[in-house]
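The data below hold one chain only, encoded as structure tokens and taken in the form predicted alone.
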């Protein structure tokens, strides 16, 4: 089953020391330590990057394209994420960054923040026209979509079926480049500058479309080091490239997407543990009075992605200062035509955590797991390589672990053998 799941969070086994930091922090219990090395269970992983943050040995890494991937194309278009602007000190004009991207080698730039303003407008209309689906859950964060798909099937119907800004930006950028240059699509490289590994996976293995218009995804931290010296050279230039305002830039931090809906009836939560708490309350019907729920797996929103360089809360503060004198929005549907704004494919429940192939088998194996759990110490120490005793019990039922993996049961077993030998 694992081969059918794509992930961008990878393990460097040479650096892994077999500690349990990652298994304790993984929100979906997707990591086990076996034979002294961590192992990522691909179907469980939602690419939130939490293990990358907490690994003291830097053994968890994000898999993304090298900057040199842009050289494969005759014409290259950069798609900078809104959170990108929060990485720079004393930035008062985003055009300085955009001009530096062109100096770096890109032929054109299409801001994801500009597409975010279009998505905000599309979302406002959709929410108003479909009141029966409220509260709507935001779908810009791929980790949240994957989390709901594997753990909260009853909430799938509340997902807002509007393409993420980066997907809209890619379509718009490709169409513009083909029109401007006359080149065929295959000669045009649309390159997303990403804040997180979840968006890498969303491009390589999209959930709501058959394919992506994005040709490569490179990390913000890789581009940051290259354009920083170039920005000094562009500060005196006058070329105006930016097509986004407050609404688009605000998408880079928590609350920005909800703010673009121009409603007070919303909730915004960031950080994967907080997201899970909100989803559990929503599933228990404790939240029903809101129009919209914005959820971001990373603390602070996209500014908290692990592919960036700045502290997320510092970056959020920088974005707030940067947008202060901006117009509310600069990209509007009455000026820009957007085709295929909605999902091509729906989201289906993936019961990856089920213990059996069907309901009856799952119930039977859950009973077996409960019996095993009663024999375990309940310490949740992680010494067995699983995050909790319950997870170990389920692994035993799945046939990928055994009771003696628990060091406490193993110690009791050894003491019993020693006592038996003394009695011989």
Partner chain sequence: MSTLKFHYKVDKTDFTRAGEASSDVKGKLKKMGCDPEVVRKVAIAMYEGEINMVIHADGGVIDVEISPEDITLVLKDKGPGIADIDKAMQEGYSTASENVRSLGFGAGMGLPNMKKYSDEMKIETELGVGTTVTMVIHNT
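Keep in mind the model is a prediction, meaning the values are calculated, not measured. Positions refer to the first chain, counted from 1.
The next section is about a form of this same protein that is not shown, the form predicted together with the partner chain.
Using a 4.5 angstroms heavy atom cutoff to the partner chain in the predicted complex, none of 174, 178 and 209 count as contacting. Only one listed stretch (379 to 387, 366 to 374, 46 to 54, 62 to 70) carries heavy atoms within 4.5 Å of the partner chain in the predicted complex, and that stretch is 366 to 374. Contact with the partner chain in the predicted complex, defined as a heavy atom within 4.5 Å, holds for exactly one of 330, 102, 221, 151, namely 151.
The partner is absent here; in the predicted complex, the one residue of 75, 353, 313, 126 having a heavy atom within 4.5 Å of the partner chain is 353. Within this chain, residue 285 lines the site of the partner chain in the predicted complex, having a heavy atom no more than 4.5 Å away. Although the partner is absent from this view, residue 280 contacts the partner chain in the predicted complex, with a non-hydrogen atom inside 4.5 angstroms. Taking the partner from elsewhere, residue 395 is found to have every heavy atom lying beyond 4.5 Å of the partner chain in the predicted complex.
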